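Shown next are two forms of a single protein chain, provided one at a time as structure tokens under the names structure 1 and structure 2.
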Structure 1
Amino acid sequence: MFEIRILRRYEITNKLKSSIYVASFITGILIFALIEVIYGANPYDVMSKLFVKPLTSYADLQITIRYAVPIGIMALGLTLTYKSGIYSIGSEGQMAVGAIFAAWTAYAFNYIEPPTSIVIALLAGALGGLLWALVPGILKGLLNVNEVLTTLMFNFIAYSLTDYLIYGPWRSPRAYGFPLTEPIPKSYVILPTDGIPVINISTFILSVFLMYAIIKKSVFGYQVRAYGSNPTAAKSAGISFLKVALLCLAISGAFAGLAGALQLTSVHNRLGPKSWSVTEGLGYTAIVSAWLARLEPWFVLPSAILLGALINGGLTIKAVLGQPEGVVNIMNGVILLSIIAADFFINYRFVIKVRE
């Protein structure tokens, strides 16, 4: 008789840990390949188009980057707030307001030339996101109002603010009455250098370094970590909750606003209605990215790229393989679940016993 037992692991090496993650990811891909076989597709064809092409075709890689960069930048901001024990889901709204601020800058200072114009647009976006996050921050810090609710509400208010502008004062006279703003001036449009979105990629990488420094090296990051893992001890050491709440939300807001400004200047170039807005719901995807990265700034790099690749893969499934939306959801589900399932194998081990 065989007996399989699931036992808790009390010690694990980093090497084993990382190989469990890699193995889980590959298992996810293999399970998805199996599902494709059942679906009736040629798994070799599917796998090469989904996982090989993005690495060999530059045009395909670009699509991944276009989503990975904003997701990653926002996830970095969330990493900080989540470490402090504050569960903001407001990146979406902060991103939208970041785009509004960047757009305003572009319309108001249309005479400024690049690169100054780009820099001020990005900074304005960061400022916008920061201000938008400040209200939930103050409510949390002073009155301990649940930030999950306030940040979610502020997302909707941000959508409404965008709607107000595109249906009202910012509605372009040349859009035949459609709810659109004017395209931002050319001097504010970020163009790729030789086909490579250099500014976007370097902003992302700089953000990783910056967030790493904030969390791991700075006094504030120290306070945040102390607060997040033991609020009582942090309080008795005199760390101010108001400061932690306010700054965490402000910084994550600034990162989200920066992402919004970046998407406006490099991808969308104007504001429009919610369904085709600058945010595209990426503010919510960033939450997944932050947790997938285990709240470690370095790991946001691969997690954001993975999520960007999944969005890209979803488009490939529909546009290239001609498979329905459902298959996209299966792919996302299978691969993300496999990675999350790795935690189980990190915490537990299987023992097979043979008994007479």
Structure 2
Amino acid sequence: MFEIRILRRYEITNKLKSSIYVASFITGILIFALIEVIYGANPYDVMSKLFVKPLTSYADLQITIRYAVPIGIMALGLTLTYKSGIYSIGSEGQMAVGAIFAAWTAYAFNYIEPPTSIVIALLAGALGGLLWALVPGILKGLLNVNEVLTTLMFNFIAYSLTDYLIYGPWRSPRAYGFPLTEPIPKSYVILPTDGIPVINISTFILSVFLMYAIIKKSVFGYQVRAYGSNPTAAKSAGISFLKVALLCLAISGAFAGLAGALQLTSVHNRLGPKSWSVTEGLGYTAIVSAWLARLEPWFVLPSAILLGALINGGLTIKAVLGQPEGVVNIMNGVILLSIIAADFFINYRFVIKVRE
């Protein structure tokens, strides 16, 4: 007779922790590949298009970076909030509002020339995301309202605001009836260099340094980590929860808004409905990236690139292999579940005893 017990781990080596994460991630990918096989896809084609082609083909690498940059920038903001024990899922809506603010800036100040125009658009996007995160931050800090609910609700409000603009006052009369805005002025468009979005990549890397400095080197970062580790002790030490909640969500929102502005100015160049959406669901993918990076700013770089490659490969699978529309969402969900499973095995272990 077998007896299975679950015991808490009180100590675990970094090597074992890393091994658990790698094994869990590989398991998640294999489960997704199995799902694809069930749909009739060749497993070799699936794995090749998911991992090899998006990172080795020059053309595909450009697409991978196009997804990795906004995912990574938003994931950096989320690492801050999650380290404080605040679980925002509002990057999607904050990204959308950041794009709206950047678009308004481009339309209103179309006489400004680059590079000033680009800087203003990116700052406007960051401001939009910050403002959109303030209400959930205030509600969390003052009334301890569940931030998961408020940030999620604000995502849908942001969607509705975008729809109002593209179907209403910002709808282009030259879009042949499609709900699209006018393209932003050329002075606000970020052009790649030899196919590589240099400004986007530079912004991402600078964001990594900035978030590392905030979390690891600043007094506020210490307060954030203190609340995340022991809220009672942090409160007893006189650390203001209102300050932590408000600033965490505001900074996270600013990063998401910056990502939205980058996507608008470098990829989409106009606002549109879901098919042309600036956000493309990347705000939710950023949640996976943050947890995959173990809430460490430096690890966000590889995790964002990996997820950018997986999205690129997932879209290829959908188009070339004829897979369902939600294939990318299924992949993200499976990977996120594998990360959650990894956390479980890091904190607990199974003990199997045989009884006679």
Partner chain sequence: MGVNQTTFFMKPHGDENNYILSVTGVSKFFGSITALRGVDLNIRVGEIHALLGENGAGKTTLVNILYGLYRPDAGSIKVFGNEVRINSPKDAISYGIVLVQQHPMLIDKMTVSENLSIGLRSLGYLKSPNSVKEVIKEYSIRYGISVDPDITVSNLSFSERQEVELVRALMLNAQLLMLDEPTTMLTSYERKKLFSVLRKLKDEGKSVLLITHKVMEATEISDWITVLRKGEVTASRPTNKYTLDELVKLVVSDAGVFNGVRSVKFDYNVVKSQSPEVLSIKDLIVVNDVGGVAVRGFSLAVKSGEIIGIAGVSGNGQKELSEAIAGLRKVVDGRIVICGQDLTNKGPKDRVKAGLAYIPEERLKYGVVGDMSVAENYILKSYGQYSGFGLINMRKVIEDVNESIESFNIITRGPLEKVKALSGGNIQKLIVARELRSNPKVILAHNPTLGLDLRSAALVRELFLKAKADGAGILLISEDLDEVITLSDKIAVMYKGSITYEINKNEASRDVLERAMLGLLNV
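What we label the rigid core is the largest C-alpha set whose atoms superpose within 1.5 Å from one form to the other. Residue indices: 1-based, along structure 1. Treat the numbers as computed from the prediction; the structure is a model and nothing was measured.
**Structure number of the form predicted in complex with its partner chain** = Pick structure 1 here.
**Message:** After superposing the rigid core, is the C-alpha displacement of A41 2 Å or more between structure 1 and structure 2?
**Reply:** Comparing forms between structure 1 and structure 2, the A41 CA shifts at least 2 Å.
**Prompt:** What is the C-alpha shift for L315 between structure 1 and structure 2, rigid core superposed, to one decimal in Å?
**Reply:** Looking at the C-alpha of L315 between structure 1 and structure 2, the offset is 2.9 Å.
**Request:** Look at the Cα of S338 between structure 1 and structure 2 with the rigid core superposed and state its shift in Å.
**Result:** With the rigid core fitted, the alpha carbon of S338 is displaced 6.9 Å between structure 1 and structure 2.
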